[in-house]
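Same chain, two forms, each on its own as structure tokens: structure 1, then structure 2.
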Structure 1
């Protein structure tokens, strides 16, 4: 594959006339990384360690998270979703050369909570997207499978919901909530099939 790349000397960015999506994305990523290095002021980005993790930002994020949880407890779910979304936005803005480990931890916390808030506001597709991402990041707890199961259940994917509950039970066979939800889901599958209940 042959592509033309242009380098802009003033903002140090690469651009291409090609419309290839994959290429465009890769160039965007590259540009983000270069601008991060430039703004950092040194030739080489600092080594990512938990020590140089931006603590100020962590405090702000933590505050946002607590705010979101507070709204959730006061049954202001819309508000809670908004706060969590802002929090995720902020996590996204973190310096790209910071320790990813910390970022990941924050992100998973937010995604989990936003899923709950989304389930409450009945935005099941959004909830599903969040929790699916979380699970693909290998956050395999029984509760996360319960969350995805519920999202799948309300999206009408009963078979997928059943599989999620069962996988959750594989981690914790005595989880009451999973057992109850699985029972509800199996009944729903039977009902959908016109089978006797």
Structure 2
């Protein structure tokens, strides 16, 4: 397959008239990495270490997190969701060559907190999406299975909720909240099946 590529000297980006979505995605990724290298100011990006992690951006992200937590404590859940969302957008703006370990920790905190705020505002699908992503990063956290179970329960996915509660209990068998939610979920499953206790 022969493809025509064009280079724009002004914005330093490659483009193609091709309509192939996969090719377009790869070109977009290449343009993103190229702009990151150019903005870095050197031919080769520095090795990602905690020392060269952008501390100024970290301070702004931390302030957004603290503001979101404060709004949550004051029952201003919509404001809390907004601040956590802005924080996640800032995390996504980090240079692609920064230490991923720090970015992962920040993202985990924000996703967990935004999930809680979305559950409070009854945005169960948004909460499910956030916690599902978080579980792919932190599999062994029973509270995250509790969060996804609650989201699944209110989305009407009772069997999935049951599975989430049971997975959480596999990591923490004595977690009272997981046990209570599992009982409620099992009662709902029996009710849906026409069986009553």
Partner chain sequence: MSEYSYDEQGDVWPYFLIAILSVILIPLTINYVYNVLNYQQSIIKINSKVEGSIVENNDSLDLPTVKKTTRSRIFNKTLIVIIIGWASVIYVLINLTKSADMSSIFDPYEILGISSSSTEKQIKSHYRKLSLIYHPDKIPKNLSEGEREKMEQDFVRLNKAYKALTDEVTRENFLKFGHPDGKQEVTNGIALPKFLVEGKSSLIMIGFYIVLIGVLLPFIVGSWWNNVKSYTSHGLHVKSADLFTKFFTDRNPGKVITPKFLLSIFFKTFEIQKLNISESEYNKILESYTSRDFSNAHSKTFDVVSSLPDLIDKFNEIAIFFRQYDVILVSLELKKSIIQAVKFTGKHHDILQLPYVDRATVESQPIKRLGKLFTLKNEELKKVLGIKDDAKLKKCMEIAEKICSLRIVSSEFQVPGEDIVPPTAKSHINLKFLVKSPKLKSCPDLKDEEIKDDFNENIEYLKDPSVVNKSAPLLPISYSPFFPDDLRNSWNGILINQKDNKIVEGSTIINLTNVDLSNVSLTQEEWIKGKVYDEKTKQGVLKLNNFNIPVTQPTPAGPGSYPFRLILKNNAYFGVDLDIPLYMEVKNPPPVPLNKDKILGKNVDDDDDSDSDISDPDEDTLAGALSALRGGKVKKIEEIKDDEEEEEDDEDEDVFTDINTDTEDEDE
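As the structure is a prediction and not an experimental result, all values here were calculated from the model. Whichever C-alpha set is largest while still superposing within 1.5 Å between the two forms counts as the rigid core. Numbering follows the first chain given and starts at 1.
(request) Decide which single structure shows the form predicted in complex with its partner chain, answering 1 or 2. (result) Structure 1 is the one predicted in complex with its partner chain.
(request) Align on the rigid core first; then say whether the Cα of residue 16 has moved by at least 2 Å between structures 1 and 2. (result) Yes, shifts by 2 Å or more.
(message) residue 7: how large is its C-alpha shift between structures 1 and 2, with the rigid core as the superposition reference, in Å?
(response) After core superposition, the C-alpha of residue 7 moves 2.9 Å between structures 1 and 2.
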